[in-house]
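The chain that follows stands alone, in the form predicted alone, written as structure tokens.
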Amino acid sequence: MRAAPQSAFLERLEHLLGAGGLLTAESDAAPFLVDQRELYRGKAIAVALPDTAQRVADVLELCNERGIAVVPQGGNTGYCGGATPDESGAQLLVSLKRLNRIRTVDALNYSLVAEAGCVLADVQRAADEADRFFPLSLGSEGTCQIGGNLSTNAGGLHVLRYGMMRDLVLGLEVALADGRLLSALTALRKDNTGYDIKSLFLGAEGTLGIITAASLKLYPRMSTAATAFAAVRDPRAAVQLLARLREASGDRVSSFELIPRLAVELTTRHIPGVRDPLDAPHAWYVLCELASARPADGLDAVLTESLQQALGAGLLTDAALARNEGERAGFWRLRETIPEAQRRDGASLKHDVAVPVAAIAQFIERAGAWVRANVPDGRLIAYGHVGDGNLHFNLNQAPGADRAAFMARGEAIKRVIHDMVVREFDGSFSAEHGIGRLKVGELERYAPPVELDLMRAVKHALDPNGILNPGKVLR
């Protein structure tokens, strides 16, 4: 990329963006330049804060003309460094935080249009105010933004019932690298007019275009839920219990989370207000929830009967049903604070993997046995979304272990785990956090050559000058 006189470029940006649209002082830009996990600290020419889709497109047109790379950023809650500029100081960071309007809510069509900078919790609230439900739910929903959710194809707690973020999208508005604005904010459920262009940008992490708005699916508002925290015999029993619950409830299971004993110990130790829902310790637990839009669906009775039958079949040993919203919130607080408890307890090595649901137990057995035999300074915490096969297969530094020595083994451990996931279980090394900068090498290692060739061809077609988030996903 050819260099441009920085002062002239900044003056042009200021003109395009208007008052308050450009940050150039180091202290103002600093919060945008480090990722959530502090794996990467970058530099930038400046931070652009466009407040309309057209201004996003205008910024891209200018940068494309001058050969200046652009790094788009949403709520900056990602785990793979996908929204952090490199260390060169030659890239422009474009924050979507001011593009934060709910444009329309159509209750009859069960849809809304939200701009990319809308915080996920605000989208959920807008749906709720229209007596509707937007099902994406993440631990970071108070800060993550819709554009980032779309660009990483976020999953979360309700994938089992509603699918990933790409399943919740009807249409997109996208600023392209050359400054054109793709306006495809359709609210249609059925449209077979050619290629599904919008799908190219979902999960592309801003490497093909910058999403500026989306037309999203809504559902009937949930009016009743039944929630239980149950001790299961082992992960195999958890998978069998999930199948039973799906059948007994008419597939109204909205969440089904696997939690090991160590996660309960860490959350109750490090997170104020978290308590163990059961009286005695157990090796494995599930947090399961049934939900319905019908207030008289009798879900508590369905869940109670299913758990009693599972108890009789030897699948579980104890269970607590939430008797009120406070108890339900307590169960979910335990689950959602596992990552924070891990951080407070010490260093950790994280693996965001997915295997077929039926293979979860076998994978935990195989990979867990390898960890116990080969990583004596690490403690396994395998938890996550059993309903969709996504496990956070994490190792925490054991008490008294040397932090530096433990972390130094990260690459070797990752290689074993990822090889096992992909090559033995036909799984994924990146279930819901994307590729970003962190996993570019992993994608090159595991993706079929034909798939990589197609990805690079699409990238070149939409971004021939390579200005969009270089070094992320592909290199």
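Just count from 1 along the sequence shown to find any residue number. Bear in mind the structure is a predicted one, so any value in this text is a computation, not a measurement.
There is another form of this protein, the form predicted together with flavin-adenine dinucleotide (FAD), and it is not shown here; the text below is about that form.
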Subject >> 74, 156 and 205 all contacting flavin-adenine dinucleotide (FAD) in the predicted bound form, non-hydrogen atom within 4.5 Å >> reply: yes
**OP:** Answer with yes or no whether residue 140 is in contact with flavin-adenine dinucleotide (FAD) in the predicted bound form, where contact means some heavy atom within 4.5 Å.
**Re:** yes
Original post:
Hey, in the predicted bound form, is residue 433 touching flavin-adenine dinucleotide (FAD), heavy atoms inside 4.5 Å?
Top reply: yes
**OP:** Determine whether any heavy atom of residue 78 comes within 4.5 Å of a heavy atom of flavin-adenine dinucleotide (FAD) in the predicted bound form, and answer yes or no.
**Re:** yes
Original post:
Are any of the heavy atoms in residue 116 no more than 4.5 Å from a heavy atom of flavin-adenine dinucleotide (FAD) in the predicted bound form?
Top reply: yes
Original post:
Out of 282-290, 242-250, 355-363, 131-139, where are the residues with a heavy atom within 4.5 Å of flavin-adenine dinucleotide (FAD) in the predicted bound form?
Top reply: 131-139
Original post:
Among 52, 36, 428, 64, which has at least one heavy atom within 4.5 Å of flavin-adenine dinucleotide (FAD) in the predicted bound form?
Top reply: 36
Original post:
266, 386, 307, 144: which sits within 4.5 Å of flavin-adenine dinucleotide (FAD) in the predicted bound form by any heavy atom?
Top reply: 144
**OP:** Sequence order please: the residues of 436-460 with a heavy atom within 4.5 Å of flavin-adenine dinucleotide (FAD) in the predicted bound form.
**Re:** none
